[in-house]
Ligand SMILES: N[C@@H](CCC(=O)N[C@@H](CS)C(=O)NCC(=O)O)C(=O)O
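As structure tokens, one chain now follows by itself in the form predicted on its own.
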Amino acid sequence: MRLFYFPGSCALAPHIVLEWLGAEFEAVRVTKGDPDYLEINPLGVVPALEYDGRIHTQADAILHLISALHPNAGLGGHGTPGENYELNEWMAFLTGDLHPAFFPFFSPARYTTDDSESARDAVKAASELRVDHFYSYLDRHLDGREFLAGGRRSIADAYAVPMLRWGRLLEKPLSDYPALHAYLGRMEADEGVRRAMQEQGLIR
């Protein structure tokens, strides 16, 4: 099993889950636009997981695959229909709402035909407002909760880590979301999370 990643990208999420599981895998750092990586994944994005003779893409699908391979770990949707729904609801929120809200912040030129600096700044400001909306929603949900879904650690918590670490790049400090800020602190203190971040060179 090989996990292809860019440091600090959403590929940190499956990296964390593999560390939680104590799985045998190789983490392979790649660079954007690398022709060799484009041969592996023509979309050129991460993560990609080489497993069982094929390349698997899309972080959400990879996380569900890894959790399905280790059902006894209880990291995926292996409970009642209601429990499965709750996990899938938060995964959809993270992958379909929060993650895309950052796209204009990281690549503002893609979201305007005006190539002026002021136009790009306006796109980034709009992105920050959208992220603030979702962070505020998440902050209210996490108030009084240790984990995102089902009262237990799950693949959703792993995906939340890179989404919240990106928040440190924004103008509004994470400390303005007290429950969210405390949650990220707990997650970053987790041994498996720390191992994944250390291997990606995000911390020492």
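Residue indices: 1-based, along the sequence shown. Since the structure is predicted, the reported quantities are computational estimates derived from the model, not experimental observations.
There is also a form predicted together with the named molecule; it is not shown, and the following applies to it.
*Asks:* Would all three of Trp90, Arg152 and Ala196 be in contact with the named molecule in the predicted complex, where contact means some heavy atom lies within 4.5 Å?
*Replies:* Not one of the three qualifies.
*Asks:* Please identify the residue among His99, Arg130, Arg120, His78 with any heavy atom within 4.5 Å of the named molecule in the predicted complex.
*Replies:* Residue within 4.5 Å of the partner: His99.
*Asks:* So which of Arg140, Arg145, Lys32, Arg168 gets a non-hydrogen atom within 4.5 Å of the named molecule in the predicted complex?
*Replies:* For this set of options, the contacting one is Lys32.
*Asks:* Is Ala156 near the named molecule? Define near as a heavy atom within 4.5 Å, in the predicted complex.
*Replies:* Flag for Ala156 set to no.
*Asks:* At the 4.5 Å heavy atom threshold, is Val45 in contact with the named molecule in the predicted complex?
*Replies:* Flag for Val45 set to yes.
*Asks:* Is there any non-hydrogen atom of Phe105 lying within 4.5 Å of the named molecule in the predicted complex?
*Replies:* The answer is no: Phe105 has no heavy atom within 4.5 Å of the named molecule.
*Asks:* Do Cys10 and the named molecule come within 4.5 Å of each other in the predicted complex, heavy atoms counted?
*Replies:* Flag for Cys10 set to yes.
*Asks:* Would you mind picking out the stretch of 171-179, 46-54, 132-140, 65-73 that comes within 4.5 angstroms of the named molecule in the predicted complex, counting non-hydrogen atoms?
*Replies:* It is 46-54 that comes within 4.5 Å of the partner.
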